[in-house]
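Next comes just one chain, in structure tokens: the form predicted alone.
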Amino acid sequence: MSSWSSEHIFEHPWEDVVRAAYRKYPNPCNPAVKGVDVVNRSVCPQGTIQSHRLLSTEFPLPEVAARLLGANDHAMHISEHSKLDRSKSTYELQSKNLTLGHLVTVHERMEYFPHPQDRSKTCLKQQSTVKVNVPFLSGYLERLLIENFEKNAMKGRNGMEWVMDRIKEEDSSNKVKQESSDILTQLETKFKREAEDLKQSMDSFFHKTQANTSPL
């Protein structure tokens, strides 16, 4: 097993960084991420927002290594769980690969929180662990994946900066003059509405399915 970790400081308040994190994809700095689907999102009574998303990315290994692992479609699917806690000012994400899970296990954890000495800045802690279960190739493939994490970390930070620039442009053009706490409240309201719409859609689907099912 191999691991990698890093820390980074964004020159932006935590609230702005969180807004950008929710809108991180797509962005031109991370072209490897091809798609993002929300599986579930809920707002807990304590005020935390929990989300489950599926990400589709290009396989993060050279073509020869991908072939050795049997990744013929050059795509990797990732399950991501996140938790936004406004009371603690933390935003945590944990992800794990679904593709080739019997051969490669990749865990990634990210945490965004305000800088303890300067609330106008945001700290990011990032940690990844990799385990490859392929005889004679484990060490080689783990090193390639760790190198890929290091490259993608910079792309991810640049992508966040790009998204934050777009958000600032939108706020400026719309003449939005609201406090960041109000913006997070809007996020919470939006996610509650999405969760209710999803529930109604699923109820309608099951109702129609039962109605169209003939008894034995």
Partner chain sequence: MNSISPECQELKEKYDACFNKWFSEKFLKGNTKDECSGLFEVYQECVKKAVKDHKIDLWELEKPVLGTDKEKKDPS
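Residue numbers count along the first chain shown, from 1. Just so it is clear, the structure is predicted and the values come from calculations on it, not from any experiment.
One more form of this protein exists, namely the form predicted together with its partner chain; it is left out here, but the text below deals with it.
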4.5 Å heavy atom contact, Trp14 and its partner chain in the predicted complex: yes
* Heavy atoms within 4.5 Å of its partner chain in the predicted complex: does Ser6 have any? -> no
Would Met164 count as touching its partner chain in the predicted complex under a 4.5 Å heavy atom rule?
-> no
- Is Asn40 one of the residues lying within 4.5 Å of its partner chain in the predicted complex, judged by heavy atom distances? yes
- Task: Answer yes or no: in the predicted complex, does its partner chain come within 4.5 Å of a heavy atom in every one of His115, Arg143 and Gly156?
- Result: no
Within 13-36, the residues having any heavy atom within 4.5 Å of its partner chain in the predicted complex are Trp14, Glu15, Val18, Arg19, Tyr22, Arg23, Tyr25, Pro26, Val33, Lys34, Gly35, Val36
